[in-house]
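Here's a solo chain for you in structure tokens, the form predicted on its own.
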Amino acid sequence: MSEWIDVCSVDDLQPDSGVCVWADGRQIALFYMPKEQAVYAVDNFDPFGKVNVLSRGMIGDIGGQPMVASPLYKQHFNLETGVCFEDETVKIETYGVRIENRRVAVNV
């Protein structure tokens, strides 16, 4: 069963960058893309580097699809689906995000 968990204020988000939050016993990377008016939430764990670092990755897009590049080995993960662009057999968890009353909640 999934639930919405309040994780931070909108003011805690960094434009065009990531932050890491703790929710339901796991690290979740939040990415705020103001030009697209979008916030994405994915697991912070890099399955290639085997460490929690994705919140420190660079964000952008590949072919119009939002992505984060791992700061370690530079694999790119789709922020909407979690699928790795270089190896589609590898996927990270994605989470729903909502903003209400200037608070960010993640659906875990």
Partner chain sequence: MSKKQTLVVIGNGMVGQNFLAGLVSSGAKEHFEIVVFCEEPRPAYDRVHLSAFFSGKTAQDLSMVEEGFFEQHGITVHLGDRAKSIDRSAKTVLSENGVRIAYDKIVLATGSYPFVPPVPGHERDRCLVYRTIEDLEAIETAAEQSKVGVVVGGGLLGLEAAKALKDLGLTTHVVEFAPRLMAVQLDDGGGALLKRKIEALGVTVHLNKNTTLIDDGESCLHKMNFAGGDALETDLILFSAGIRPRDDIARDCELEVGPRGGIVIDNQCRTSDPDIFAIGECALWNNRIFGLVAPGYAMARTVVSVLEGGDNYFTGADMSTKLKLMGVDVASIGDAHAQTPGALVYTYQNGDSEVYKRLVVSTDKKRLLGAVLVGDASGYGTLLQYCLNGIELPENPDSLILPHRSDESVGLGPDALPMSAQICSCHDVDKATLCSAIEAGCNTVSALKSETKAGTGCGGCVPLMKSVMECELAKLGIEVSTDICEHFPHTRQELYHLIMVEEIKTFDELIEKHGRGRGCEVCKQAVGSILASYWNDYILKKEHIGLQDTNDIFLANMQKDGTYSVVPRVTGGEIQPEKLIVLGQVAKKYGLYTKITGGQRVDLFGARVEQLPSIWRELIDAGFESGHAYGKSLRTVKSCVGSTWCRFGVDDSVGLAIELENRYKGLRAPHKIKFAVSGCTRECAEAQSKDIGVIATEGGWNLYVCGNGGMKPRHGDLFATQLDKETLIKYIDRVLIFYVRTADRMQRTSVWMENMEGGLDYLRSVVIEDSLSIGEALEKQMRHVIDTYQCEWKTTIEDESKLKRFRHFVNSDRLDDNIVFVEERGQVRPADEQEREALKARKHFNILEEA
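Numbering follows the first chain given and starts at 1. None of the values given here were measured: they were computed from a predicted structure.
This next part talks about the form predicted in complex with the partner chain, which is not shown.
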Next item on the list: Report yes if all three of D11, C20 and I59 come within 4.5 Å of the partner chain in the model of the complex by some heavy atom, otherwise no.
Entry: yes
Note to self: Is A105 near the partner chain? Define near as a heavy atom within 4.5 Å, in the model of the complex.
What the structure shows: no
Note to self: Since only the chain is shown here, I'm wondering whether T81 would be in contact with the partner chain in the model of the complex (any heavy atom pair within 4.5 Å).
What the structure shows: no
Notebook entry, point to check: Just to confirm, V39 within 4.5 Å of the partner chain in the model of the complex by heavy atoms?
Noted result: no
Next item on the list: Indicate whether the partner chain has at least one heavy atom within 4.5 Å of a heavy atom of D16 in the model of the complex.
Entry: yes
Check: Though the partner is not shown here, which residues of 73 to 97 have a heavy atom within 4.5 Å of the partner chain in the model of the complex?
Finding: Y73, K74, H76
